[in-house]
Every structure is written in C-alpha cells, then in structure tokens.
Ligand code: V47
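Coming up is one lone chain in structure tokens, specifically the form predicted on its own.
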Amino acid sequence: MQNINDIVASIRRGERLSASDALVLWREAPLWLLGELATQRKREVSGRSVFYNRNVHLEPSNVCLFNCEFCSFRRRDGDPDAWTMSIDEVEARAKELRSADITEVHIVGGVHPSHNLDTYVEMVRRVKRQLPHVAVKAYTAVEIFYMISRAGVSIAEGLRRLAEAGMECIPGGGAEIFDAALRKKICPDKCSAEEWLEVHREAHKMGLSTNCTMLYGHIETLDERVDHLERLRKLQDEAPGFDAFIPLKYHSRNNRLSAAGECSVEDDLRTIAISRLFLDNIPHIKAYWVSYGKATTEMALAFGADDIDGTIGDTTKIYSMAGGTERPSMSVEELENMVRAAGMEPVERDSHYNVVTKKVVDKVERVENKMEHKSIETKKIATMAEERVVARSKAREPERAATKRATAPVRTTQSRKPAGEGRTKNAKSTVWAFLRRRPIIANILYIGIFCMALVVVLFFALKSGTRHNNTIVVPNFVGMTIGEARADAERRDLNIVVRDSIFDVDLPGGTIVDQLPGTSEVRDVTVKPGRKIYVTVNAFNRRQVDVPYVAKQTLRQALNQLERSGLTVDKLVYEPDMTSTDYVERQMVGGKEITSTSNRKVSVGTGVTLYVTYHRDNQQTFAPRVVGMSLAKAKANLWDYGLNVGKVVYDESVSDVIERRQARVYKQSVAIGSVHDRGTKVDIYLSANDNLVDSLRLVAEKEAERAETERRKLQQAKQREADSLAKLGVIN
C-alpha cells in the first residue's frame, strides 16, 4: 500500500490501481485531485465526448417475489398501487412508441411470481415485432437467473432464447453490493453475487453486451464498495462485455433502510471518480441523471463520467418512488445543453455505443438535394433571361449604331481618364455583374464572409468573457477569520461563501477551519477569477439541535443519523443478546434515556451513549487501522468496528488549534487486526508532522493488509467448517 503521492504517480503512468490504493484515495485524497485524475483518464478513453441516447423504459410490473430492504418499487400482488401488464398490454405500449424518436427500449421490473421464461421471451418478441428498428435492452441478471432457474435450463440456453426473440443487450441492475454478509442483510432472497456474475459472464461469451452497477450509500462500507468494483474488473478481464458501469445512488424514501439516510454529493463525486480510475477495463462510466438530478450529473462530468443515459420521457418509476427525480424526462436539447455547460461535447449513441449519425446524414442529404434543385432551377431561369436579352440586343443593334455615330465626342488627350481608374471600375462592375448573374455563388460568398466575421467576434468575446489563460492561485484561508478571508479574497477577485459551520470551544468564533477547493503542498491549485471558495467556519455560539431517536436499528444506521444531526458518540456499551449483533437497543444523553417520544435539544457535538447488542458468537471484533487518518475519521472507523475511543494525545508538533484539526493519527494503542471484546477502548496519538505520519502509515497499511488476509482465511475456514457440519446434518 502506497501513500497518495506514489498512487497519483502510478496512475499518471497508466498503472492499474490496487484495491488497497483505491481505499487510500477514497478516504484521503482531496476531491479536486480525484476530479483531475478521473478527468485525465476519461479524456484518454473518450476525449471530450459525453454520450446520451433516445430511450424509454418499459416496466411490466412492480409485483416482486423478493423483498429487499432498500426497495421502494416493490409491491405485493393485490396491493392498491401494484400493477401488472399482460403481454398484450406490453405489445400495445410498444405499438404506441412507433412514432417516438427513440433507439432503445429498456425493460425491467419486479420478479413476478406467475411469470416464467416463456413469458419473458414472448414479451421481448412482441416488443421487437412492433419496434424492429429499436434495440431491446431487457431484464436484470436477477430476473434472468430466476426465470432460467425456474425453467430448468442452462444460463446459456435461456440467454439464447431471449436473444433469438430480439434481446440485444442486458442492463446492469440487481448487482447491489456483492459482499455476501451484507447481501444477507439487504437482499437475502435475490440470487448471489456469483450467480449475478455468471449471468453476465455467459452473456459476454455469447457476444451480448451488458452494463454493470453498484447500489451505494446505504449501510455498506468503503471496503465493500472496492471489493464490488474489483469483482467487476476481474470478470471484465476474464470475459469482456461490460459497456458501462453505473454507480446507483441509494434513495431513502419509502423503504426499510430509510433511517440510514442518503450520502452526500461529495460521496457521489468520489464514487464516480474512483470508479473511473479503478475500472480501467470498462470504457464508460454513467452518471444516471434520474438518480443524481441534473445539477450533480453536470458536476459528475468533471469527475470521470462520460455518459448521462437518455431522454426517458417519464417512463420509469423505480427512482421516483424512492425519492429521486419526479416524472423523469429530458429532451435532446436539454441533455446536450447540460453536457455543453460542463465544457464537454454531447454525442448521441445507440445501445452499443455506436455514434448515431443517420439523422444528421439524412438531413444533410435533404439540404444538399434541395440546394441542387434550386441551383438547376436558377440556372434555367438565368439562361432564359440571357437569351431574351441577346434577342432584344440584336433587334436594337441598327438603332444603337446610328445613335453612337451622331453623339460620338471628339477624342482629345485631355478627355482621357487615368488608365488605372478605368480598369478598376470595369473590374468592380464585372464582379458585381458576375455575382448578380450567379446568385448561389453570391449567397455562399456572403455566408462565408458572415461566418468569418462571427468567428472573429466570438473569439474575442469568449476570450474576454471566460478570461482564458487568466487564473488565480487559491490561497489558504484556513486559520483566518471570515472577515480577513473575505478582504483577502476580494483583493484576488475571489468570492467567499460559507457552506457549513462547526463549534470548537478552543477555536475563536468566525475562524475558517476548512475550504473547497483546498490548497496543496504538491502543486498550486488554480481557479478562474470570480470563482467561489466554499468555507466552513467555527460558529460563535454552539447551535442547538434535536436528538434523533436512533434505537431499534443497526449501529451503522445509528452512527449515520447522529453524524447528520451534528452529534457524536460518547461511548458504546455492549450488552449480550440471544439473536443479534450491532443492534442499538437504547440511547442515553447526559444520563437520561432518549425515547421515540422525547423532544430533547442539545448542543452540536454532544456525545450520545449507545447501548448495543452482541450475540454470544460475535462477542469479539478486530481492531482496524486508524494510523494516517484524521481524528474524525479515526473515531468513525473505531465505532464501525464496535470499539470505543480512549485517550486522544497530541505530540509536540501540534502547537495551536488549527494544527490540531489538521493532525493525523501516527500511533494506536492496539495492534491492527488484533482481537478484542466489543466496547474496548483504543487510545490514539496524533501529530501534525506529515513526514512522521506518512512513514508510519506505510508500515500500518502493510500490517493491515496482512491482518485482512489472515482474517479472510479464518473466515473461509469457519465457513468451510459450517458447510461441512450442515451437510452432515442433512445426511443424518
């Protein structure tokens, strides 16, 4: 495991990112750095292009056998808001789409208990019959595995039948998070990660292209995210066929994981960027605008995304039922404007990422044919006019000759005009006469002159408006008061915007403690004049907040909810339980229990005591690595593993409050990977000496890697033992 500078250098050399290095970047790299690295990688793959398509979704039913914790779409058969379309209704809907300007129909829905492989095959066949010119992207691996398993045929045979009916590619849904333990918590009924991967593996071997996804932002850990990405990358190495990876943001409305809340926009952008850097063999990263919303999608294009999905036309309810974009629909013009606003070039694609040019070619041909027809007509008219002029001229020739003789002036040397003047006037009259006789050439010439003038005007206008090549090095505002920072920013033509506040009793009110974009010791961070610098300040008075009721849910959910409320953990108290581990039974603040009906306000930063259960088989936990982390991240990591924070000690390099906030852990009181009872206290030691911290972090990361390997081996051994006992139990 390397430090950030080494990781960045290896990325710039084009080397593959390891799982451990991806975790370091995810947790510790500045957001601007991730954006820069991901954009560089994106440009190597697709240049300035950002892809979109013209598509609609067809969701035959929201009735589903499976009952996933995170799902807001699923309904039981007979529920008032459940729907199921018959095959005839599906075909009728496809028939309605004949007049729609689309290139793809995307078919997904619930796993309906009465549907089988023949149902799904016939559904595709009917859609393709009505829309032979449109690609059918159909069914998640979860739906496919269920229907094929129920039919009792091989995955290859089932896919062959679907492909023969007209299915051209497979969407990436249903992957969720691959970790088996987490999968048991959030989607225990679905096919396993191995089964999901096997469906896509067989599809790739058959030449069917597919997408892949990851549902993130609920109760998973960063380690589980990276493990998920690594399995996708391995499959793509083994059997290439993934066109795009789509990070799907979890939305919390109307499902049983609602208490977990939703992750931040920064987490969205980090996820997009790490996906681009880690998945070096999957060409496209999609920022699904229905999930992110238009504003975040536009930002994602600066963090490695090169696809935003399509027009959709208000045809999907999966995300809107979970709190995503209501009535999702965007015109081609809106999609292209979004891409251009991000400084990229919009490119229409089909379902296989072929650039759609037919409409443009047809339009050009129509224009050229029309111009050619007009040219022929104009030539005919001009010829007829010339013939009439010649005829009239011949008829009047004797009359002109007589007039010329009668009025001819006496030629003297004084009456002559300068030779040059005569030639100039004759040339001008000849040019104008030529252009009048050939209006098409004249029009082309006028258009060319106009375009050249427009280009010149736009060049100077854009250069002035965008202040090209005019940049400012971002100063470090951390430690200044908000007044000092605003005065300094105004002198530099920057704007200070307060995005958040904290309260630290040791820090003067109004002091800036963080900024975005931040500064770097490695290189200057530059921005355009007039740019906004977002800062976090220390409040003058501690803000009062409501204490949320976090009992009766998992520890991870409770920690997330406390963090969003601005509160922290005082300590974790573990109590034995017969059934569950890491489940919060009750909570206390200031020695008083908080119930679901309590209406208690406390100061921001107040600690809450959580009483957490553990099963007798899960009394112990592993000590994680916190060396190299900030104090806040170290605390969060220890709590995630069921450990308490003991003493917090700063060394002599920390001389003031600002340095204390920037300090990182260089030592922890327990060995990484060592086994302890839940609730054990871990002392942490911090320093502002970056050289010291980085050197010790390298040692700690290698130790963590070894400990993780040993832990997985132990878990695998226990699983094999459990499987053996289970088989013996079945035999007996």
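Note that residue numbering begins at 1 and tracks the sequence as displayed. Computed from a predicted structure; not experimentally measured.
The next section is about a form of this same protein that is not shown, the form predicted in complex with the ligand.
Heavy atoms within 4.5 Å of the ligand in the predicted complex: which stretch in 583-591, 167-175, 479-487, 294-302 meets that?
This holds for exactly one stretch, 167-175.
Just checking whether residue 228 would be counted as a contact of the ligand in the predicted complex - the rule being heavy atoms within 4.5 angstroms.
Residue-level check for residue 228: no, no contact with the ligand.
Give a yes or no for residue 70: in the predicted complex, does one of its heavy atoms lie within 4.5 Å of a heavy atom belonging to the ligand?
Residue 70: yes, in contact with the ligand in the predicted complex.
Spell out, yes or no, whether the shortest heavy atom distance between residue 119 and the ligand in the predicted complex is within 4.5 Å.
No, residue 119 is distant from the partner.
Should residue 213 be counted as a contact of the ligand in the predicted complex, where contact means heavy atoms within 4.5 Å?
Residue 213: contacts the ligand in the predicted complex.
Could you work out which of 251, 115, 233, 284 is the residue within 4.5 angstroms of the ligand in the predicted complex, going by heavy atoms?
Exactly one residue meets the criterion: 251.
Can you work out which of 145, 614, 288, 639 has a heavy atom no more than 4.5 Å from the ligand in the predicted complex?
Spelling it out, the residue with a heavy atom inside the cut-off is 288.
Can you list, in sequence order, the residues from 104-139 that come within 4.5 Å of the ligand in the predicted complex, counting heavy atoms only?
106, 137 sit within 4.5 Å of the partner.
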